[in-house]
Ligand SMILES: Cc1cc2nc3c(=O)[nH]c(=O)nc-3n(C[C@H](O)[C@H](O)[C@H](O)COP(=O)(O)OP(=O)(O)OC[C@H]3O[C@@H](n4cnc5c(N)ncnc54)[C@H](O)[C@@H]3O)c2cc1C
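The chain below stands alone, shown as structure tokens; this is the form predicted on its own.
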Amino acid sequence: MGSNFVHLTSRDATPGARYARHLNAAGAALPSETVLGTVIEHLRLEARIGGYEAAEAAKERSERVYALAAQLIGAQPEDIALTESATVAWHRAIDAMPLQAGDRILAAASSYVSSALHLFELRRSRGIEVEVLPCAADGTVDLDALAAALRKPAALVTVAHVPTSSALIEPVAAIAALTEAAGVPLLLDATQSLGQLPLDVAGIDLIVGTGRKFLRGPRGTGLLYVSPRMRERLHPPHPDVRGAVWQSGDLVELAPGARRFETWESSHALRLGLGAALEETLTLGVDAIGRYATGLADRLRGALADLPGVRLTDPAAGGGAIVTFVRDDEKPADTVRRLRAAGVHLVAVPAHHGRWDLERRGLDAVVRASVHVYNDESDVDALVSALGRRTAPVRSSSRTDVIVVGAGVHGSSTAWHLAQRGARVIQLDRFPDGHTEGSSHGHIRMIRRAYPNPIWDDLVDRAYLAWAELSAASGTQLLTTTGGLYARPVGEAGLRGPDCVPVDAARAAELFPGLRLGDEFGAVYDPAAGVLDAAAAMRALRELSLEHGVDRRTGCRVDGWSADGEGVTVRTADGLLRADRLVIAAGPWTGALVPELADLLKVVRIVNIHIGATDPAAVSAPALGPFSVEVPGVGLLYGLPAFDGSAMKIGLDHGPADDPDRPQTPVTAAEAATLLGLARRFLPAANGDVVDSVACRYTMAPRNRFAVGALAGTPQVLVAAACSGHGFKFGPAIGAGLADLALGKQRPDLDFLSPEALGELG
């Protein structure tokens, strides 16, 4: 199977790849749509029929997980126990060993911190001896030293195939040959190798691994391999009804296979998700996955080697999908924070997570990047580009041109347009990238020319042009034209717009077979309507802003501001910032920062659900496009077709009052049921279950208007409350307008959205 095919099929089927450059597979890889759907599907089944009943219904699929895990490592299903993590698997294996005072355990320097901590406790509580094996020049276990150590009795040798702290790959086959010849059990920690490196159980007695890393399974899953010969030597110290049968009296019979190490209670949904991940891994092939990931990591290694001030820290025996490095003028934790603000996700590994390795090499911490099949060269290039940028922190006494508060679509568009024109920009957001507290998250949004009032037409035209500009700048198609239908009861005034035409229910059915309107409805067809790739747009704005020098500071709360003279002082938790201009695009928190608008801006909770279909084509373009239906007694139902791997989406444009200072809560079963009922009425092809749901916050203004422009009395402070549930489509156009205003250019076309006029016009 070609590496390009491995990548393309995996990236398209990975929802998380739309939102950020995720290079942290060695921490927790992004799951596929199939894995996600498998987990959710079983949880919903449990909710409908009960946990025990759902487990019985999924019994065959649950059993298959053991066979898949065994196939991955060349074992038999009865050799596999499923656990909650690799650490749980480690504990169950080690605690089952008949260790006594004076027993020697030989541990590689590659051992994980949790393994070392457990060994230290066994030394304290049982008196075992822990010996750390010396390393060869290339960083691997010194095989001569191991052979010498095995000349004396030993209870166990433990090695991490790949450590958490580097790309080192231990020579497992050579180590296993030595331990097998000496008759000493070998425990292999395959946490960082399962799914990216081929592995065979030959000569290995125990293997522990996790599902969340290169296997791309859910968190909370792991596995333990126990060889048949090793099972004869181990006795679980805490037998459970899952792994033992209470025969009579105090007679207990352990399960014949590795399941004796399991417990009865577990997450069946997560284990089924692990099964789906294993199946995908085996279908793609570990060899193919490894070739692709190694090639991508090699590209990263080469680029970092040429980057001034960056030092690769992997041992000579490093390879595979992991790359570690440090920047000489920056602590690894700070590097990670800066890169995360740029939308590039990786982690810092501190010395206390691998002292036998990092401390030996004189490293306090390293930055770890790890790629997978859903990554591509653009992700690597984005990391290198972001790493090479070094923006000096702005001191509290310094001054910049413009401060933008908010990193949603309007704040990010404004920051990009300002920086494009040479302005120095600091952008602040109270949450980290990728949060779901506001209203700019999610995969897709609607765009349309159809509007109730001609006063919007010019801004709509500007929006279409602005999306084309952003698409060109990012090299990504962000707008897909599908046409749209907007329905109301016959006789009620509806939308209109350039090239829009009224249609009856029969014609609507011809245009969109996936939408069922009764004769009581009439509609407007907008041929220019379409779908915006919102996730890609937010990522593009973030990356373009950084390329143009925007100083983005996420996780920085703004407590207030004051205007004096022609400047502005902004108070943050990190200190004071000064600027010539301030743009407030804070979404649901705008009212708190602009008190004169607080009574006009009402924050409400909005929920959306994605619904599956037995025939996805019936709810995709051209059978269905963006739509809305004014449902008497219910409200405005809106929806978008299935698009780019996402199931079709619907929601209602009203909801209860919400407090933006409280964490967002998941969509409830009752909220989802209301929307699902409407789907059954208007969307017969959407006949599946709810496969995803998302809650967001709308900031509603009188008559669904916006507030865009300078505040009365403080012209150096501008606001962008482009809200009321239809603001995302205008994001790049609003950003361009605010950049014009902030830099002194007149925009009379935006006067109708002046904050002073909020709610005055129809």
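All values reported here derive from a predicted model rather than from experimental measurement. From 1 onward, residues are counted along the sequence shown.
Another form exists, predicted together with the named molecule; not displayed. Remarks below refer to it.
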Heavy atom within 4.5 Å of the named molecule in the predicted complex - the one residue of L187, V405, V619, A167 that qualifies
V405
Heavy atom within 4.5 Å of the named molecule in the predicted complex: which of I606, V349, V568, A535?
I606
Given that the partner is absent here, does L683 sit within 4.5 Å of the named molecule in the predicted complex, heavy atoms only?
no
H42: heavy atom within 4.5 Å of the named molecule in the predicted complex?
no
Non-hydrogen atom contact V558 with the named molecule in the predicted complex at 4.5 angstroms
yes
Is it the case that R430, even though its partner is missing from this view, gets within 4.5 Å of the named molecule in the predicted complex, heavy atoms only?
yes
With the named molecule left out here, work out from 49-57, 63-71, 708-716, 727-735 which stretch has heavy atoms within 4.5 Å of it in the predicted complex.
727-735
Restricting to 436-452, the residues within 4.5 Å of the named molecule in the predicted complex through any heavy atom are G438, S439, S440, R445, M446
